[in-house]
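Next up: just one chain, as structure tokens, the form predicted alone.
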């Protein structure tokens, strides 16, 4: 598969699969040097701009330029 980039906390993260779990997104982000941890809450930005929480075991479809936000469990912003 052709590699493509998504973004996590506005930083590029290389991916090769288009069906991944939330945990796989976080693992790839950490490997790419994004300053997050595995217990962070992950959300995907949908086309309407809303954020949707993605659990570690949730399988989601991603495309190039899919955008995620990961925040510490105690971050209420």
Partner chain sequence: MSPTYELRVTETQWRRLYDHLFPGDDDEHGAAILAGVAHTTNGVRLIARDVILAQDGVDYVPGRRGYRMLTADFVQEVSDRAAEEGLAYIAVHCHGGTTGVGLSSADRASQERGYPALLDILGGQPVVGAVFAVASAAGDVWLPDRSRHPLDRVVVSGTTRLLITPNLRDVDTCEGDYTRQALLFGDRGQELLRRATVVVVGCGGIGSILVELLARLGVGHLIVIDDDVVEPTNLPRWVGARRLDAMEWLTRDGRPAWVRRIGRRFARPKVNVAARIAKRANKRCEVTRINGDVSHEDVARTLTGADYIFLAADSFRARLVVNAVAFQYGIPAVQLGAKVAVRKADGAITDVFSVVRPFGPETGCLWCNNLIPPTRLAEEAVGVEQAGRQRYVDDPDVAAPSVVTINSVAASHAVNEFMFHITGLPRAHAGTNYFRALPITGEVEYTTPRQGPECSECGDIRASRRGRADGRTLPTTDR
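As the structure is a prediction and not an experimental result, all values here were calculated from the model. Positions refer to the first chain, counted from 1.
The protein also exists as the form predicted together with its partner chain; that form is not presented, and the subsequent description refers to it.
Student: Contact between residue 64 and its partner chain in the model of the complex at 4.5 Å, heavy atoms?
Tutor: Taking the distances in the model of the complex, the answer for residue 64 is no, it never comes within 4.5 Å of its partner chain.
Student: So in the model of the complex, is its partner chain close enough to residue 14 to count as touching (4.5 Å, heavy atoms)?
Tutor: No.
Student: Please run the contact check for residue 27 against its partner chain in the model of the complex: heavy atoms, 4.5 angstroms, yes or no?
Tutor: Taking the distances in the model of the complex, the answer for residue 27 is no, it never comes within 4.5 Å of its partner chain.
Student: Should residue 3 be counted as a contact of its partner chain in the model of the complex, where contact means heavy atoms within 4.5 Å?
Tutor: Close contact is absent here: in the model of the complex, residue 3 is far from its partner chain, nothing within 4.5 Å, heavy atoms only.
Student: Do any residues of 32-67 have a non-hydrogen atom within 4.5 angstroms of its partner chain in the model of the complex? If so, which ones, in sequence order?
Tutor: 35, 37, 39, 40, 41, 43, 45, 50, 51, 52, 53, 54, 55, 56, 58 sit within 4.5 Å of the partner.
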